[in-house]
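Quick setup: one chain, the form predicted on its own, written in structure tokens, and binding and motion questions come after.
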Amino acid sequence: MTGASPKGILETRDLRKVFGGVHAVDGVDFVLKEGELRCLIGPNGAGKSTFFKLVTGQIQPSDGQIFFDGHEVSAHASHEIARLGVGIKNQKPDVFDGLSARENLWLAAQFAHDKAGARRQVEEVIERLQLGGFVHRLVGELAHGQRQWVEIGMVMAREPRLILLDEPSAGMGQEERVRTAELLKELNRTTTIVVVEHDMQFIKRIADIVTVFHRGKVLREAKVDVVLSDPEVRDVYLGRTEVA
């Protein structure tokens, strides 16, 4: 299979990561088509966050291959993958608390645009994500959900082709989760998205196809309603079944 052409914008082939004898990711084959919004789910320790770090270059694989847009990136560092058009939002917000939301967006936009282009991109992000109500406030003064939205905007300001988000609804209240789901669906109109998530109600709001991880492997991959009604998936989440 090594010589075969990649099938999607993001693909992994027999991807593996071993930590001291523990197979955190164990032979994962994964294909993401351009334009998708895919959710990765699974119980704690299933391997989904390690998979996220592998495909974003935050850690290097023990074996296997990773492709982005037809190019192998298995040995690339995270900044190299970012330059190819991959945006990353980790679970912990990575923002500058002493600057306004607009200034944070401006700094992110400058990585991909000249000054005039950055200004245009900031205004587009503010409009698309409806950030105008607090865009002039210091980020350190914002509510948790607003801080997360600013960081999503910062990723968006670089105009990536693919965005990977690690638990974007973590720590949010119900209204914030609903708003975040709306933002991601708006963003998905122009950008391919992968979301690592635990919140089942949030997943139902945004997902079409869901990939379920368990013990470092892909357990199921199907439409969200099919996956969430699967007895084996439900048992894995409730801890009643041991799955090889």
Partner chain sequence: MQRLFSDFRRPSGQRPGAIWWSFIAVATVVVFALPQVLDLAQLLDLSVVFVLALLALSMSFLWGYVGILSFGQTAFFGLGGYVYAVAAMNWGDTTLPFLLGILVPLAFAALLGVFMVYGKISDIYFSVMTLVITLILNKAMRATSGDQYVIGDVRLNGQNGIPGVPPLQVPWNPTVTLFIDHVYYLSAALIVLVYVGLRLLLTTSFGRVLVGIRENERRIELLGYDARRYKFAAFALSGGVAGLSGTMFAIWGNFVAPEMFGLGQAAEVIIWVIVGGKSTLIGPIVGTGIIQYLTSWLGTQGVGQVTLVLGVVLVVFVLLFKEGLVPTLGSLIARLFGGRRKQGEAE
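Here the rigid core means the biggest group of C-alpha atoms that line up within 1.5 Å when the two forms are laid on top of each other. Residue numbers count along the first chain shown, from 1. From a predicted model like this one, the values you see are computed outputs, not experimental measurements.
Only in words, not in the display: the form predicted in complex with the partner chain, which the text now covers.
- Remark: of stretches 24-32, 209-217, 188-196, 50-58, the one touching the partner chain in the predicted complex is 50-58 (heavy atom within 4.5 Å).
- If you check the partner chain in the predicted complex, you find a heavy atom from every one of 95, 102 and 108 within 4.5 Å.
- In the predicted complex, the partner chain sits within 4.5 Å of a heavy atom of residue 83.
- The partner chain in the predicted complex comes within 4.5 Å of no heavy atom belonging to residue 127.
- Of the heavy atoms in residue 88, some are within 4.5 Å of the partner chain in the predicted complex.
- Mapping the unseen interface onto this chain, residue 170 falls outside it, with no heavy atom inside 4.5 Å of the partner chain in the predicted complex.
- Residue-level contacts in the predicted complex: of 136, 71, 144, 120, one residue has a heavy atom within 4.5 Å of the partner chain, and it is 136.
- Put the two forms on the same core and the Cα of residue 169 is off by less than 2 Å between the shown form and the other one.
- Core-superposed comparison between the shown form and the other one: CA of residue 97 displaced by 2 Å or more.
- Between residue 92 and residue 19, the Cα distance is smaller in the predicted complex than in this structure, by no less than 3 angstroms.
- Compared with the form shown here, the Cα atoms of residue 97 and residue 57 move at least 3 Å closer together in the predicted complex.
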